[in-house]
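For reference, the chain that follows is the form predicted alone, supplied as structure tokens.
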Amino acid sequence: MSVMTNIKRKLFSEQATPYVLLLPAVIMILIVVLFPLIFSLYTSFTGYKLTRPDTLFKLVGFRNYVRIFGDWDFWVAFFRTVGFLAVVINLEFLLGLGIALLINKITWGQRTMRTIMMFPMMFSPILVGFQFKFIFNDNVGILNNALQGLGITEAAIPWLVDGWLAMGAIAFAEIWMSTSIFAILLLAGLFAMPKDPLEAAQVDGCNAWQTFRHITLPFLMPFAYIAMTIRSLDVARAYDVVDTMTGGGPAGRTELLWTLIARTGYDSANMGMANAMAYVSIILSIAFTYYFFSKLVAARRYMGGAL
């Protein structure tokens, strides 16, 4: 009887060991991730204001969510974010594809170029925001001084004051910072691409464009959709660069979802409404993630890959 008991104890301890070792990590995840999510979801159903702690326990049901659907500022920021995301991701894809193709053709110094290509993504978004804020500054900005010094313009261009120009400046900063993500993943795809289809296309008499259009690009699209998924989540949560460069101005013309949410939660102290906005905005991230994942599956099917 004692032998069987010892065997059972040994088996139980061996089976329990992985779970015991994982327990600290699970507890930390619950504390750091799950608890804030539950708390923020709860506060989205309250009238919680930072200046009035007693409102944390004042349930208002779906009132915050109902107000969002009638909030014009929220929907303007929502669709501005969608447009901004679409433009930035497509331009990053085109530029990243061009950079990857060029670096793939280099026979000398390729490792150095790959290292240099990664530099922009190493900078903090706040640092990038400050950098481009001073580049596009009306009075002391490098760009305006260069344009005036070359005689291209006489007066300073209000890059961060005009709404459309300010959005363009923010988009430029985002593209500069994150194009390397596309370039790295697409370059990895080019390295992984088999040579046989390319050689067969040359034998069949295909020109360079036909080979790229029907062989190279379809092979690279799964890598592109992975990069698009990553960047769609980043851009949908864009806050640091926008807040540093324009603060959502002028007059809210560069306000994106997360700058609006931050202004509602901290400047207006209406944390309940801010958290409700955040949960509605999650729909945008889920929609783009699902779209790019479905495109990824379709691209892999087209190339005959396993799902």
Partner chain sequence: MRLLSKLSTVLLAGATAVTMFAGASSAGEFDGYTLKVKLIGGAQYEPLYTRIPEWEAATGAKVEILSRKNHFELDREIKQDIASGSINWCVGSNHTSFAPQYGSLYIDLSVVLDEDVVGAISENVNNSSMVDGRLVQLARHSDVSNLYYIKSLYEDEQNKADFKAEYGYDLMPPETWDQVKDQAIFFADPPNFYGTQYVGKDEGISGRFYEMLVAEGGTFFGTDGKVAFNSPEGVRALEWFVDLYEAKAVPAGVPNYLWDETGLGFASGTVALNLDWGGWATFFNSADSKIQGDVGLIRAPKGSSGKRTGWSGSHSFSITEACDNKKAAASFVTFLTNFDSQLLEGRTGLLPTRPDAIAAVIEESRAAGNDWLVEVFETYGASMAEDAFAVPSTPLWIPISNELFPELQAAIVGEKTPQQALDDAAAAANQLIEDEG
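In this text, all values refer to a predicted model and were calculated from it rather than measured experimentally. Positions refer to the first chain, counted from 1.
The same protein also has a form predicted together with its partner chain, omitted here; what follows describes it.
Enquirer: Counting only non-hydrogen atoms and a 4.5 Å threshold, tell me whether 197, 210 and 291 all contact its partner chain in the model of the complex.
Expert: None of them does, since no heavy atom lies within 4.5 Å of the partner.
Enquirer: Quick check on residue 160: any heavy atom within 4.5 Å of its partner chain in the model of the complex?
Expert: Heavy-atom contact with its partner chain at 4.5 Å: present for residue 160.
Enquirer: Does at least one non-hydrogen atom of residue 79 fall within 4.5 angstroms of its partner chain in the model of the complex?
Expert: Answer no; every heavy atom of residue 79 is more than 4.5 Å from its partner chain in the model of the complex.
Enquirer: Under a 4.5 Å heavy atom criterion, is residue 42 part of the interface with its partner chain in the model of the complex?
Expert: Contact check for residue 42: no, nothing within 4.5 Å of its partner chain in the model of the complex.
Enquirer: Examine residue 46 and determine whether its closest non-hydrogen atom to its partner chain in the model of the complex is within 4.5 angstroms.
Expert: So residue 46 does not count as contacting its partner chain.
Enquirer: Tell me the stretch among 213 to 221, 82 to 90, 149 to 157, 200 to 208 that has any heavy atom within 4.5 angstroms of its partner chain in the model of the complex.
Expert: Looking at the other structure, the answer is 149 to 157.
Enquirer: Going through 181 to 204 from first to last, which residues have a non-hydrogen atom within 4.5 Å of its partner chain in the model of the complex?
Expert: Contacting residues: none.
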